[in-house]
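We begin with a single chain expressed as C-alpha cells, specifically the form predicted on its own.
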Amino acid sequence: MSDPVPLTTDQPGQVASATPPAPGRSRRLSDRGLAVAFISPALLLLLAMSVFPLLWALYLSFTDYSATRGGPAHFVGFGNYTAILTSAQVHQRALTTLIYVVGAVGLQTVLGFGIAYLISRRTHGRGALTTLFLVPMMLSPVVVGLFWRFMLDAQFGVVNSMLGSLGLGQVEWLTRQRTALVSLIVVDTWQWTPFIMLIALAGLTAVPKYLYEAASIDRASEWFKFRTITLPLVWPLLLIAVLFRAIEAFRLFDLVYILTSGGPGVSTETLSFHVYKVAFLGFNTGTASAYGILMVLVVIVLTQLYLRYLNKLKED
C-alpha cells in the first residue's frame, strides 16, 4: 500500500504539489461536452415552448376536444379539416386576409423603397431622416392601435377634424365596411413601411459606386441607371423584406383586435382573429387547433415556393 500524498509541507513557502490526474481521465470537458452543456438548456426550452405545443395542437386537431366541456377528447379524424376547408365563412376570412396582406405589403414595399431611394441620394441629414422614419416601427402594436383608434374616431378624431377644416365631410373610418379594412391597411403601412425602408436603404448603400460612374461616362440617363443598376441589385434584398412582412401580415391579430374587433360585421375579421374567436370565445379547441395547423402549412408551402424563386433569381 502506497503512502498518502501530503497536503502540507513543513517548510514555509513550499507548496504541496497536487496529484496529477490519471491518464485518460482529464477533469476538463471536451469540446463536445462543452457544446452539449451550453446547448442543452436552450434546446430543452425550445422543446417545451415550441415543439411540444405544436405536437399537442396537432393531436387536438384530430379530436372534438373543448377546453370548457371537460371529459376525454374523441377522435374525429380529418373531420375538423374537412369542415374548415369547405366552410364559406372560412373562405371569406381567407379573402379578407389575402386582400389585407397584398394591400398592406404592396403599399409598404412601394413607399419603403421610394423613401429609401430618396434618402440614399441625400448627402446631409441622412442619419436624422432615417431615425425619424424608424420611430413608428419602434412602437408596440397595441400603442399604435390605441393611437390610431383615437385619430380615426368619427366624432372626435384628428383626421376628421382636418377633413372638416378643408371643407370635406366626415368619414366613419372604423365603423363602415368599405373603409374599415382600408383603415387597417393604412395603419399597418404607417407602422411597418420603415422596415422595408431600412432593408432597401441597406441594399442601396451596398451598390458599388463605380457602376454609376461607368454609366455616367457612357452618358446614361438616371432612369437607365435605376432600371439596369439600382433595381436589379436591390431587388433580391427587397424580396426578403417582403417575405418577412407577408408572414407578419398573414398572422395579424393585435391591430384588428384593438381597432375594429373584426367588424363591422366580419369585414375585417382575418384568419388569425377568426381562430381567436373559435378558440377563446367558442371554446372549440379541436377546431381551432386544426385552423392553426392549416395556417402553419400554408405559410410553410408559400415560403418554400418563395425561397425557390429567390434561389432561382440568385442563380440567374
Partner chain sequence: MQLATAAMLLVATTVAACGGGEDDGGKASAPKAPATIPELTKDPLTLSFIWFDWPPAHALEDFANAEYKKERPNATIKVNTVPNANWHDAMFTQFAARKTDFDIAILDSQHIGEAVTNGNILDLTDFVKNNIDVNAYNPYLLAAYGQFPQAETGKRDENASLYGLPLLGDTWTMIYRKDLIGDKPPQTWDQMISAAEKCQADNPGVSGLAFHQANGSDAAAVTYNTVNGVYGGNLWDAKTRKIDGVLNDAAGQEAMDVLVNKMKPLTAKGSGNWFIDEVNAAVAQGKACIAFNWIAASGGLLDPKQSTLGTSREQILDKLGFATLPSQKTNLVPLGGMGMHVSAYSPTANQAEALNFMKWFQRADVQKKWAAAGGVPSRTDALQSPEFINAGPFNQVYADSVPRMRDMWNVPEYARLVDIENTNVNAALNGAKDPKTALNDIAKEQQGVLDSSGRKGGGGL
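Positions refer to the first chain, counted from 1. Owing to the predicted nature of the structure, the values given are computational and were not obtained by experimental measurement.
The same protein also has a form predicted in complex with the partner chain, omitted here; what follows describes it.
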Exercise for review: Find out whether any non-hydrogen atom of E222 is located within 4.5 angstroms of the partner chain in the model of the complex, and reply yes or no.
Suggested key: no
**Study point:** Exercise: L281 in contact with the partner chain in the model of the complex, heavy atom 4.5 Å
**Key:** yes
Review point. Is there a heavy atom of A94 no more than 4.5 Å from a heavy atom of the partner chain in the model of the complex?
Key: no
Review point. If you check in the model of the complex, is T68 within 4.5 Å of the partner chain, heavy atoms only?
Key: yes
Study note, to complete from the structure: Assert contact_stretch over 230 to 238, 171 to 179, 127 to 135, 207 to 215 against the partner chain in the model of the complex, heavy atom within 4.5 Å, equals 171 to 179
Revision key, fill the gap. Checked Q191, Q108, S183, N80 for heavy atoms within 4.5 Å of the partner chain in the model of the complex; positive is N80
Review point. Which residues in 236 to 251 have a heavy atom within 4.5 Å of the partner chain in the model of the complex?
Key: E248, R251
